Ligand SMILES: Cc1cc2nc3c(=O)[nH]c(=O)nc-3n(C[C@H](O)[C@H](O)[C@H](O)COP(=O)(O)O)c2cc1C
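Take a look at this one chain, the form predicted on its own, written out in structure tokens.
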């Protein structure tokens, strides 16, 4: 079983990839999508989205990072894939899954799923433009507004001869609303000779187990679950280890305590403030909203920082919260 960190625009940037892969459990990351429209992009754009290119396309923890492209023109997508490969990308991923109305109106993301032949043309062009030593992968949904074209999409992907396919088990119309339809993936998995990765609505080890069983996929991709539960990949690896009977471990996995999460939150906020000050405060608040699902303390902290306009203000409150936890622990002892 392999576990991959999903590309989430405006959330899973290089700093988040660095942090989550340091915590551990991941075998690969994928960047936020790079929008490709009319030309071959300059080097600095690829570096901005994937600074790991300067580190052999790996996070500081040594985890490979694939660079994701989004667009609808096969030739231009191929040219940019070739450029990314020349810059040292560990792999190229093609986005056919983004449900954003803005992206879809610009001929990118999941809207292309309405035309399986275009999926084939784009993937075939990219595969031909990239050296065979560099993997090409794709991410799709079950379809655009229904699953009627899913088999045709699967055939289009298979004939392109790319290396792997990730399927977000919802249509574009479903958006991110639960449930994810893992069983739908099983209906086409047998049509594909390549590895298929299941994605969507995996929040804990139980979800991971069901997603694998219902989809028939061996590998997982984690998105919002990874942000809500920073050591989710470790939890899944522990609880679904093949060495354990029935995929369960005799010793229950203990998630990271809130005190540790608070330190990661503080460090990530400080780095964001240094590197992307314009968005740092909002990104920190956004992460706290995700964390509320796993940690009740995050809800309390969010109420304290939601009116803060700067990261330094937030960090002061983080430090106060951390000090209060330490004092409470000493008093209890």
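Numbering follows the first chain given and starts at 1. Everything numeric here is computed off the predicted structure, so don't read it as measured data.
We do not show the form predicted in complex with the ligand, though everything after this point is about it.
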- For the chain shown here without its partner, which stretch in 220-228, 124-132, 77-85, 205-213 has non-hydrogen atoms within 4.5 angstroms of the ligand in the predicted complex? 220-228
- Which one of 46, 264, 290, 295 is close to the ligand in the predicted complex, taking close to mean a heavy atom within 4.5 Å? 290
- Taking heavy atoms only, is residue 253 within 4.5 angstroms of the ligand in the predicted complex? no
- the ligand contact in the predicted complex: residue 172, any heavy atom under 4.5 Å: no
- Task: Report yes if any heavy atom of residue 269 sits within 4.5 Å of a heavy atom of the ligand in the predicted complex; otherwise report no.
- Result: no
- Message: Within 4.5 Å, heavy atoms only: does residue 9 come near the ligand in the predicted complex?
- Response: yes
- Residues in 17-55 close to the ligand in the predicted complex, defined by a heavy atom within 4.5 Å, in order: 32, 33
